[in-house]
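The chain below stands alone, shown as structure tokens; this is the form predicted on its own.
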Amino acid sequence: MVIGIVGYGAYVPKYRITIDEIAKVWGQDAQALRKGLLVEEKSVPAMDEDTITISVEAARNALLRAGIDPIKIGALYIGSESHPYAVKSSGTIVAQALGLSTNLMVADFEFACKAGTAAMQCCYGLVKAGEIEYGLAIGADTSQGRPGDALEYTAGAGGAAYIIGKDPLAELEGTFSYTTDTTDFWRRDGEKYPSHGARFSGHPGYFTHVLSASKGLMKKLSLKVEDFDYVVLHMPNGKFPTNACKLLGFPLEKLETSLVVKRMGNCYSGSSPVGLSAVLDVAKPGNRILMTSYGSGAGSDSFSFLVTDKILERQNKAPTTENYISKKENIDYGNYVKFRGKLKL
């Protein structure tokens, strides 16, 4: 039974704020920040945009590419760390907006930046078990960053949606996860902004988990570095995935998504899903893609996708990820503060 991605779609808000604009406010060295983070600007949601609206837009694009009746979707899982409601599902609103059936499994997922890939794993398992025909997994976020904090330079917004089922445009060959209790990043209930133990972010946080999950997947599937044409690694900034790519032994030209984070920042649960959508936009039949997410707290999910001939007929049925990233409008720090509700009146 060949199961994988039947349809995919992304959405990125049009507003951007540059590293220079943020650094100017806090009196920091913009050039050093750009060099250290490998990020030029980040996406900013408008005042009427949130995880739900981003999820709806991304899912509509996924449905366009899948070409299926929305009623056939049997499960909807949304991974995010910025759900608009503490008590009320984002999924119920998204399902109604998309015209999905009321006979539907729905849940909001949380696991920092890997909640979206956890949703993909659950949909895959349900389809494989024969419980549902199609599952819709979404990773979307309007990331938070305390004013003046290092996270403010990279915390962007965006998301991607994946319909999992049979007759895919990219076969899901296998998945592997690596999880520990590592406190590198957290946000307690009721707090507006996350906190982070910066010295734990790289090791034993990001690198330990991303490398372990990626290596575990390749061992499980008996695949080598040479077997992959593209690599998508979680993008908290541009430097981490670049270094992880080198440590895994992949040539940097396979890390095409480095340009994604450079131009839109880290959209948390949407990070690796948006990176994957950017790769699928340009992938060819026979290409193999490695995707590994990372969620603070901490865990990584790794996937191997083998692109099929179906990609050629479905790629152009919806706007590409590049369409959204390149269509932008820069704003100043004042509008950024207003859009993100950083001033309490």
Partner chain sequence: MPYKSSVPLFWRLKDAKYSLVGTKCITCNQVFFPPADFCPQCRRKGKIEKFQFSGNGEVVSYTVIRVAPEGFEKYVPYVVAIIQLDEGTRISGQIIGDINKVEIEKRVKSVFRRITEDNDQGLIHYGIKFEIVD
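Numbering follows the first chain given and starts at 1. This one's a predicted model, so the numbers in the text were calculated from it and none came from an experiment.
Below: the form predicted in complex with the partner chain, not depicted.
This chain is drawn without the partner chain; in the predicted bound form, the residue among 278, 56, 307, 291 with a heavy atom within 4.5 Å of it is 56.
Comment: the partner chain is not present in this chain, but in the predicted bound form one of 282, 32, 47, 312 has a heavy atom within 4.5 Å of it, namely 47. Only one segment in the set 265-273, 90-98, 221-229, 154-162 has residues whose heavy atoms sit within 4.5 Å of the partner chain in the predicted bound form; it is 90-98. The partner chain in the predicted bound form is not approached by residue 186, whose heavy atoms all lie more than 4.5 angstroms from it. By the criterion of a heavy atom within 4.5 Å, residue 85 is counted among the residues contacting the partner chain in the predicted bound form. A residue is said to contact a partner when one of its heavy atoms sits within 4.5 Å of a partner heavy atom; residue 52 meets this definition for the partner chain in the predicted bound form. Although the partner is absent from this view, residue 327 contacts the partner chain in the predicted bound form, with a non-hydrogen atom inside 4.5 angstroms. In the predicted bound form, no residue of the candidate spot (146, 206 and 342) has a heavy atom lying within 4.5 Å of the partner chain.
Within 4.5 angstroms of the partner chain in the predicted bound form, the stretch 11-25 places a non-hydrogen atom from each of 11, 14, 15, taken in sequence order.
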